[in-house]
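In structure tokens, the next block holds one chain alone, the form predicted alone.
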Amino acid sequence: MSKQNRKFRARGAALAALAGLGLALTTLLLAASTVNVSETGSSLLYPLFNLWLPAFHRLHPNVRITTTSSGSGTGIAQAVAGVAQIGASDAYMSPAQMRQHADILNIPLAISMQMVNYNLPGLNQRHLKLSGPVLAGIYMGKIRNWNDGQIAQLNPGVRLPSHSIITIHRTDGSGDTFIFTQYLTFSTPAWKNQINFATTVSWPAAPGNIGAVGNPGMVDALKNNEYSIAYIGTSFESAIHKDRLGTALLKNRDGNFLLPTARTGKAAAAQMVSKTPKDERISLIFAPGRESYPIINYEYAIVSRRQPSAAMAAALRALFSWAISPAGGNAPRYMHRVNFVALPAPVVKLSQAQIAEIH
């Protein structure tokens, strides 16, 4: 064996020993006392967290995690303020927020998608085609009726109702609003120039618009108002099917109309993996590619790298490391139930590097 190979083997053995020591220390810390972890934020990520907790608790019975669906805006705010240890968010923090809170990490845990849904009597079992510019026109109040020529042009041969459109939007600080308005911003110059994107935006005064809180509120508002339209995370797809509501085919950057599926979500993610920076704050919206669904995003854990105790830091590292593992929280049995996409291997490595910074 060459001297260089012996050197590499020795270095690898040293790194493995350090990793083993870190795992042993984490195990000792978690076994020493009960650790109470508070998670709050994204209503889109909330169902997945609640699928994860029983399995994680079996592995770490001394770690007790409470979850609350409060919206991404609240999740970010409470994590930054230290009120909650984990802020679940569909939105990454802005450069301005990061300058004010340099200790905060934005760690992707999985990839989600967003649907555009509608309640159209007689048409809910048909997938209407919609585009960013048409949706922007609807939410700006410029396209007011379902049989408007711009909608009809995308759906030739479909008998659209001569009825006014009821738009439904989130009133809470919402990552779903963040990614929906990104789709409109990236596809429609008029929306970008007048409204742009954020977790909370100044919605135009479109006739008949309705506000709702959380994804459950969006589903209820859609169900209870015929001729309405809404944007809803795919973790609520089963509720959409149960209530027999419609799901649109959305126009992507390459001009194709697609549904949110595992195939189209993975195709979009594959286009963006190499563009993901080390801090992982990036929009995945409107990715190029023939088969890329246009509204996908990383689901983030917003968390401070500086924790008040070694036990809390160990609990968070253990939770996130398990959550992003393809043998743990990113396993198909979890991803399929909420219609999420597992993190690609290069993104798992980036998240692992951020998780290691928690201390």
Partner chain sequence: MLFRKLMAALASIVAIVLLILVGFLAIYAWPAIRFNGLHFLVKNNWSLGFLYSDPILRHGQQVMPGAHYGILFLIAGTLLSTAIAVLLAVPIGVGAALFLAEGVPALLRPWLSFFIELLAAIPSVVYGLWGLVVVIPFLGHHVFPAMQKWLGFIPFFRGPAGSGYGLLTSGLVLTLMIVPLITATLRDALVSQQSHLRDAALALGASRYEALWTVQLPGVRRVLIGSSILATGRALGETMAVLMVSGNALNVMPNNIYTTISTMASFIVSQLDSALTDPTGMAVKSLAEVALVLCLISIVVNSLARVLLLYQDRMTFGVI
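All values reported here derive from a predicted model rather than from experimental measurement. Numbering follows the first chain given and starts at 1.
Just so you know, the form predicted in complex with its partner chain exists too; it's not on screen, but the next bit is about it.
At the 4.5 Å threshold, heavy atoms of A205 reach its partner chain in the predicted complex. The closest non-hydrogen atom of G73 lies within 4.5 Å of its partner chain in the predicted complex. Though the partner is left out of this view, P288 does not reach within 4.5 Å of its partner chain in the predicted complex, counting heavy atoms only. Using a 4.5 Å cutoff between non-hydrogen atoms, Y227 does not count as a contact of its partner chain in the predicted complex. Proximity to its partner chain in the predicted complex holds for all of P95, G173 and V201, with the criterion being a heavy atom within 4.5 Å. Heavy atoms within 4.5 Å of its partner chain in the predicted complex are found in exactly one of 236 to 244, 146 to 154, 97 to 105, 269 to 277, that being 97 to 105. Comment: its partner chain is not present in this chain, but in the predicted complex one of A262, L128, V116, I210 has a heavy atom within 4.5 Å of it, namely I210. The partner is absent here; in the predicted complex, the one residue of M140, L249, L123, A77 having a heavy atom within 4.5 Å of its partner chain is A77.
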